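For reference, the chain that follows is the form predicted on its own, supplied as structure tokens.
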């Protein structure tokens, strides 16, 4: 596989950071490039018991050989970007596209004070919506307009396409989830752009013909932050009883939860042309599977869920996360004939 796109299948919070970080170690990509909205999406990565939280850099940051890039379709908060570059010491291997739009203080202020955005929609308050409005109005500042970013600027679409043409492994990381897509989600409780696989490709500047695999990530149960419908939603007390109660990476808000939704999963596979499925938090649903790395060691009950997901979606479950650490993963890709 040369080019693999990783996207979220539910409402965000599916654990894409875990899957991307595992693939970064296992597949050793030349480039990991991030698409999606901007710093309103937080990804948590755990590698060898060290936890890292990311809002701008790709989750492949844990592989020191991988070049990290941010595509032109992504909104960038310079303060968040520069903080992460320093924190992870990646100054020499990160490239920010010069066409990225910039989030300014005025965008954050509007996002946090606007009664509709903050009150009804429940945005993260990171300035993404107002910044995307300026992008559409053609009044936004770009990466090339900010001197502090000049050291990191480059032509990300060119670099990514050259790597693919040369047969290098490229991972394209999406953010958010299918059902908060501006076009395919539960409008108006959605983010400010499309975040399905097609849009993520557009964000980084690649066409559909160069994509080899689309891995869609589902959590073993469904969670959602903020307002909007959530079929089968549990009470907070019931979610806590089941061990499903979580807090969002960016906002710290409690995530609402519901059992795995096969109907939503089936449609998400369709919308993203997903070729593989990754399931995360399997160890939370089935505690006896924690840290297991071989499919044969799973219990009969947990294997049955995998069988049902595959039957309902008509897509293979190739990766199963059995713990927060990147290495706590069952990888079935070779067994299923998905690795060349």
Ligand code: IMP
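Positions refer to the first chain, counted from 1. Just so we're clear, the structure is a prediction, and the values are computed from it rather than from any experiment.
Omitted here: the form predicted together with inosinic acid (IMP). The next part is about that form.
In the predicted complex, every residue of the candidate spot (124, 190 and 226) has a heavy atom lying within 4.5 Å of inosinic acid (IMP). Though inosinic acid (IMP) is absent from this view, in the predicted complex it lies within 4.5 Å of a heavy atom of just one residue from 214, 170, 74, 180, which is 180. Remark: residue 11 counts among the residues lining inosinic acid (IMP) in the predicted complex, judged by a heavy atom distance of 4.5 Å or less. Proximity of residue 272 to inosinic acid (IMP) in the predicted complex falls outside the 4.5 Å heavy atom cutoff. Although the partner is absent here, residue 33 sits far enough away that none of its heavy atoms falls within 4.5 Å of inosinic acid (IMP) in the predicted complex.
Although the partner is absent from this view, residue 253 contacts inosinic acid (IMP) in the predicted complex, with a non-hydrogen atom inside 4.5 angstroms.
The partner is not drawn, yet in the predicted complex one stretch among 36 to 44, 65 to 73, 294 to 302, 310 to 318 has residues with heavy atoms inside 4.5 Å of inosinic acid (IMP): 36 to 44.
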